[in-house]
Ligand SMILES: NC(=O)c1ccc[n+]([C@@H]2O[C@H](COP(=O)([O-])OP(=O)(O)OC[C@H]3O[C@@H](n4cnc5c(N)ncnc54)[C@H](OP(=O)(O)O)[C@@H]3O)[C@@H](O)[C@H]2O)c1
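Before any questions on how it binds or moves, here is one chain, the form predicted on its own, in structure tokens.
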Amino acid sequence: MEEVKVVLITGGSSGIGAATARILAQSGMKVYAGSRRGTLQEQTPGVVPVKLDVNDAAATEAVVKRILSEEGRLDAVVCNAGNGIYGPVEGTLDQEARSQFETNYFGALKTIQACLPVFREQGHGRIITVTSVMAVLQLPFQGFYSSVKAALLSLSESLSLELKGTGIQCCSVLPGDVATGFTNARKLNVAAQDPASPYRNKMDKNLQKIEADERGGMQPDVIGKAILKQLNKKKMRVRVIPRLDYAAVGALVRFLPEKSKLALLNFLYT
């Protein structure tokens, strides 16, 4: 097993990304924390902030080249950059839906594609995508977020098959509710802001529920520690749901009939 010494994290300036960068650095890894601002909330020895917009393929490739120039290696990438929109499918503008996929999916894809040639030449590498339990547990009014996280999960698991035997491993980490700035940063689409929306009452109840769950959710360190655990394993798991209760829910929905799963979600969130 090749030891993981140098890691690139996207979305590394706050929330799960910042917590993961700190935890990995404290374990002895050199971490390049990429973000559009290129800054850190707090300075941590071993964490290097880099300006990185994952929607810009050339910029991503430039960061990878910089890491190779400075470190001579890149052992792992954690694709964490993302955002969320909220609102009903009906009335969602085309550009709103596309923007959700641009960063969360295509940004991760560009990052992975920039790292793969390096990993292949080295004969080893680790790819971790931070998705969500909503990849397998679809919630109302977050259909596009659920869709993009499901797409990223599928990409990761397909890629793991393509890379079998190359020394490159893939793992998708599916967080549940996490207490971060993501809640306040969530964007409401145009349809969700319409006071006359036919979904108004349902949306108000739903948004209140999910925001309360998120603010009372686990700390981002839980996700960072789960990522560290996988990077230290000889063989990463293909899919990881941190914390026992969320893992139990994730296992349950894989065996529940779809009708029963949707009925449960309807009861809880509408």
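Each residue number is its position in the shown sequence, starting from 1. This one's a predicted model, so the numbers in the text were calculated from it and none came from an experiment.
What follows is about the form predicted together with the ligand, which we do not show.
Looking at Gly125, you'd find every heavy atom of it more than 4.5 angstroms from the ligand in the model of the complex. Contact annotation: Tyr105 falls outside 4.5 Å of the ligand in the model of the complex, judged by heavy atom distances.
Interface residue remark: Val130 is counted as part of the site for the ligand in the model of the complex, having a heavy atom within 4.5 Å. Proximity of Val54 to the ligand in the model of the complex falls within the 4.5 Å heavy atom cutoff. Proximity of Gly17, Ala81 and Tyr145 to the ligand in the model of the complex is complete: all three residues have a non-hydrogen atom within 4.5 angstroms. With the partner left out here, the ligand still marks one of 30-38, 198-206, 231-239, 62-70 in the model of the complex; by a 4.5 Å heavy atom cut-off that stretch is 30-38. Proximity to the ligand in the model of the complex, defined as a heavy atom within 4.5 Å, singles out one entry of Ala97, Leu109, Val178, Ala151, which is Val178. Contacts of stretch 206-222 with the ligand in the model of the complex, defined by any heavy atom lying within 4.5 Å, are made by Glu214 alone.
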